[in-house]
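One chain comes next, on its own, written out as structure tokens in the form predicted alone.
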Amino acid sequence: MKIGISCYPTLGGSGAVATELGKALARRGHEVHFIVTDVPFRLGSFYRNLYVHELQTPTYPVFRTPPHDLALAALMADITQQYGLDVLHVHYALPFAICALLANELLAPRRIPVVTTLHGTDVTVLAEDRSLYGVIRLGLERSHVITAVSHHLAAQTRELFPLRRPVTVIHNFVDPEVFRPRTHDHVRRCFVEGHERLLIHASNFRAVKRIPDVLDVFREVANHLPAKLLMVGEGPEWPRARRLAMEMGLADQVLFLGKQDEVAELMAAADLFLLPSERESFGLVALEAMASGVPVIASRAGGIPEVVEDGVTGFLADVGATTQMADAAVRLLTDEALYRRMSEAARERAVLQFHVEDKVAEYERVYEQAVAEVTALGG
């Protein structure tokens, strides 16, 4: 098939999933066209069957802000016509589902199937703004297939929007050949020595990630055994996190690595992954840690329990229960037999339940469903 994909190209789970999906589809022989504002951060090098079309937003003195969404809709329609796309797969309800709707109007009388994948805040946080609610609902209703990355998010979507269409759950995925345990430790030696433990957190540093909780958990762990913490990513909470680490006396133990396009080796170098978020629709970084054989300490929030099996692949606690999380982390790091069992179980669950090839096959069936619907309607 010829598949158009639109997503936010910056650091975040939705962009990562969309990019990895596009790469996997291209490997399977599909022709993939990214229609985006910038090259997705995980795209990296050249891939056969994969094309990137960057949006050039026009400017004009009359416009208070550039007409980004209108220009994106026009680009979607243009690329669809030029390359004969079979389906548009948009990640995030706003603005992409609406842009795809406008693209279909530009393509009339032809219709291109639209698959909209929901990643979380596009229907939870944004839907709280009543000025946007109707727009989001329109985008979802006009999509030919709606998918969500977890059962939790699907249930939230159905609760928020009285949709006639079902919401299909396709969990996020991981490539176990990329995220895997590694026997060499040259990356690890860059950060720790001897018996020091290495913990890691990766996110877009938004308030919902509860960055102070990450530091609280680590401080308690570091009070019991020598350890370092890697903080990967950037975002609005990053400056505050740096200040807080210094105020806690952790400046030498907390290493802020900033944005990293390739995190697989960093994950595999760590002993534990920390994810004490207030809200997570899925928790892709937790899955990537598990595939690397790294147990996860996380909050029992949103879709995380669908990823991390409490007491098997890591430990879950209530949001804000940093003492309980720290106790679980210390227990894991000081019990070699328990750690080995959880590490092996984490890897096994990631491979068996969330393998990239299995999930891509599910998306292929969704595309076929969308094409069949449009064909039946005479599109």
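Numbering starts at 1 and follows the sequence shown. Note that the structure is a prediction, hence the values are computed from the model and not measured.
Just so you know, the form predicted in complex with a small molecule exists too; it's not on screen, but the next bit is about it.
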query = Would residue 276 count as a contact of the small molecule in the model of the complex, using a 4.5 angstroms cut-off between non-hydrogen atoms?
reply = no
inquiry  = Residue-level contact is defined here as any heavy atom of the residue lying within 4.5 Å of the small molecule in the model of the complex; does residue 12 satisfy this criterion?
reply    = yes
inquiry  = If we define contact as a non-hydrogen atom of the residue within 4.5 angstroms of the partner, is residue 144 a contact of the small molecule in the model of the complex?
reply    = no
query = Does residue 242 reach the small molecule in the model of the complex, with heavy atoms at most 4.5 Å apart?
reply = no
note = Heavy atom within 4.5 Å of the small molecule in the model of the complex, from candidates 17, 25, 370, 356, belongs to 17
inquiry  = Give me the residue from 294, 214, 229, 149 that has a heavy atom within 4.5 Å of the small molecule in the model of the complex.
reply    = 149
request  = Pick the stretch from 248 to 256, 131 to 139, 204 to 212, 105 to 113 whose residues have a heavy atom within 4.5 Å of the small molecule in the model of the complex.
outcome  = 204 to 212
